[in-house]
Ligand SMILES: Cc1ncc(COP(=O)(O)O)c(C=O)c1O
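Have a look below at one chain only, the form predicted alone, in structure tokens format.
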């Protein structure tokens, strides 16, 4: 069978992830890992999950091990709706869909809205796996200029007025790969522009809760609750990614169709882990758990930034994220992070070359660095190795 002739055209548009390729390499050699997208497993609430797992099986095993509603476990949907409402986004439980990770939520939105040739607007840089989703639906991605305060509002408004634009995708808080957050004064204008243009906004809030600087981050949708915003959130970063429990919420007329789409995709999210996540999220332990994560992760972020300043000050520039997991580093113009990677691996440190995150076609001199995945004791040594690799 000649499978190359059998593939659908949309599959040919999906390129391999350099992150997944690099994970394969790291499985064969030792290196301090600044490359992965993995949260720190030391932050997983193991004891709470162990107790919750036993309790779910003891008290609700028939439903936990059975098929469930396509829209998700009702108490969990109610918890998400209450949490979003408390954060300034009035939401009812019937506006919430539980998904198998936030990646599935992005995919469902793409399936619902995108046809071949439709235009998706994104930040530049943007989340690689979302770009892959949009490519799989044969959409055209147009990158909008981004600075240290997020997407440029005037450029975005101009693009939104153009024909064929079907979706605006943003990571408003501590985005992947740069860690940058959209400035408060830009949020309402960008939503007003989208509302005038009749273009829905997909707000990926995967890192909303991981805030290390003063201030409480807000979901993008609370800047204008009447705007057509689809909010995606996840428990992967605050509880554990292996549970694959996330959620999406949006306008009622949009969400009324999402349950059907979820049903024909995989019937429903995992009945057991939904109950486990709800039990932990609704417990009195959850806020303190998230707060403790932020304290521990702030130490890693600060250690990483301090090491970069001492080892690479004057040789490179980088973002200084207020939260999240990542920062983006720029090498001097003309340098290639992709070409540098083999030497970095020889020095025993790994990162992800940044070009794949830039749908605008630039970014060859950038690298994404995860400051949470390595152990705190590894950060200084890892940055020193990176500095030696850059110095050549």
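Residue numbers count along the first chain shown, from 1. Please read all numbers here as calculations on a predicted model, not as lab measurements.
Another form, the form predicted together with the named molecule, is not on view; read the next lines as being about it.
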- request: Given that the partner is absent here, state which listed stretch (234 to 242, 110 to 118, 273 to 281, 78 to 86) has heavy atoms within 4.5 Å of the named molecule in the predicted complex.
  value: 234 to 242
- request: Could you confirm whether residue 91 comes within 4.5 Å of the named molecule in the predicted complex, counting heavy atoms only?
  value: no
query: Applying a 4.5 Å heavy atom distance criterion, does residue 206 contact the named molecule in the predicted complex?
result: yes
- request: Answer with yes or no whether residue 124 is in contact with the named molecule in the predicted complex, where contact means some heavy atom within 4.5 Å.
  value: no
task: Report whether the minimum heavy atom distance between residue 259 and the named molecule in the predicted complex is within 4.5 Å.
output: no
Interface residue in the predicted complex among 269, 249, 168, 171, criterion: non-hydrogen atom within 4.5 angstroms of the named molecule: 171
message: Which residue, 223, 210, 193, 106, is the contact with the named molecule in the predicted complex, using a 4.5 Å heavy atom cutoff?
response: 106
Within 4.5 Å of the named molecule in the predicted complex: residues from 273 to 308 (heavy atom criterion): none
